[in-house]
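Just the one chain here, laid out as C-alpha cells, in the form predicted on its own.
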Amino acid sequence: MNGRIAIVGGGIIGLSVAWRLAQSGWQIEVFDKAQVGQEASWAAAGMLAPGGEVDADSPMAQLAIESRQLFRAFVDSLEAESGVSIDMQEAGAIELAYSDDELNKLQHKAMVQSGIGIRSRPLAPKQIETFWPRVRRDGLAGARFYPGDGVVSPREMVTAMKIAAKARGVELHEGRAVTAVHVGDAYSDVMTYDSDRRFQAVVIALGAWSSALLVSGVPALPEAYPVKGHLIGYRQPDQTCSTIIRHGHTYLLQRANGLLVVGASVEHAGFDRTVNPETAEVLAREAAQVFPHLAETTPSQVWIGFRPGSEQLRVGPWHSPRLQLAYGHYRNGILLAPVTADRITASINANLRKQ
C-alpha cells in the first residue's frame, strides 16, 4: 500500500483533502465519475460569508468561522504551488432592510452573531446611497455591514487545485467511477468497473451522491441528498457590486471578470438537472428589487447545482480510521474546504502510518 490514500469524489472538498494529504507525504489517488470539480463546485457562487450563513452558535458555525480565518493563507499557498491567480475578494457584505421589521431582525441576528465572533456594524440609508449607489433606495430602512465576509471563484480554485495536486504527485482518475468500497481492519479496498485496489484509507467526498456509494465493513453511511439551486448571471460593464449584497434569501456578488451572480433557489427535486426558466425569472425579479437597473436587461447565464444536504456535516472517521467522511457541507462547501482538509489530514496522520 506504501502510504496510499484514495479520495472518492473530486470536487473542491475532495481536491482540498488530496492536496493537503499529499503535502503531508501521502500518496494520493482521486477517483471521479466525470471531470473533477464539475458538479457543485463548478456551480457554486463561492461566498466566504459566515455573516450570511450563521444565525446561531453550533459546531458548524465554529467550523465556518475557523475556516474563514484559514482561507487567505489557503489561497495564497494554492496560488504559489499552482501558478494560477485566484479571484478572492475580501470587501465584506451588506445585508439590506426595506422595513422596520426587517431592520429589527437584522439587529437581533447581529447581536447573536457578535457573541460568537462575527462582527458587523449598522449602516444608515445615506451611507448605503453613497457607497452602493445602484441599490434601490425606495423604502430602504438601513443595513448591516459584515467586514469579514468575502468571495472566491470556485472555478479558478478547481483549476489551481488540479495543477497543485498533480505537482504533488496526486493521481487523478477522471471518468472512473468507484462502484464499491470495503473497509477492513488493516486496509480499505476500492472497486471500479475494471479494478480492485487496496489503500490504507478511503475518504468519501462525493457530496450529494456520498451515501449512494456501496460501502461494506462498517455501518451504513449517513444519508446525503441533493438540494437543487438555480443561479443566474449578468454581464456588467462596470463594478456594479463591490461587496456581497444580501436581501432576504437573495444574494448578489460580482466576479473580477464582471459577471454579476445572483442566487439561489432551494429546491428538493432530486437530481433533476432541468433549468427552469420560471425559477430564473423569479431570481431576476428579486435581483431587480435590489438593483433596479437589472430590470432593463436579461441574464446572460442560467445554471443549476446540487448542494450536498445531510442531517449534519460529516468530517472525520466513520467507525474506522480507514474510512473518512467529508460531506454534508450544504451551502458551504467552498468556505469549509480548508478546515475540512485540515481535519481529515490530522485524523489520518494521527491514526495511520505511512507504510
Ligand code: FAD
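All residue numbers are counted from 1 along the displayed sequence. Every value quoted in this text rests on a predicted model; they were computed, and no experiment measured them.
What follows is about the form predicted in complex with this ligand, which we do not show.
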Among 292-300, 37-45, 61-69, 315-323, the stretch whose residues bring a heavy atom within 4.5 Å of this ligand in the predicted complex is 37-45
Picking from 215, 260, 231, 284, the single residue whose non-hydrogen atoms come within 4.5 angstroms of this ligand in the predicted complex is 231
Partner-free chain; cross-checking this ligand in the predicted complex, the single residue of 96, 165, 202, 206 with a heavy atom within 4.5 Å is 206
Residue contact check: residue 343 to this ligand in the predicted complex, 4.5 Å heavy atom = no
In the predicted complex, does residue 123 have a heavy atom within 4.5 Å of this ligand?
-> no
May I ask you to state whether residue 264 is within 4.5 Å of this ligand in the predicted complex, using heavy atom distances?
-> yes
Heavy atom to heavy atom, is residue 177 within 4.5 Å of this ligand in the predicted complex?
-> yes
Tell me whether 13, 33 and 251, taken together, all sit within 4.5 Å of this ligand in the predicted complex, counting heavy atoms only.
-> yes
What are the residues of 328-349, in order along the chain, with a heavy atom within 4.5 Å of this ligand in the predicted complex?
-> 329, 330, 331, 332, 333, 334, 335
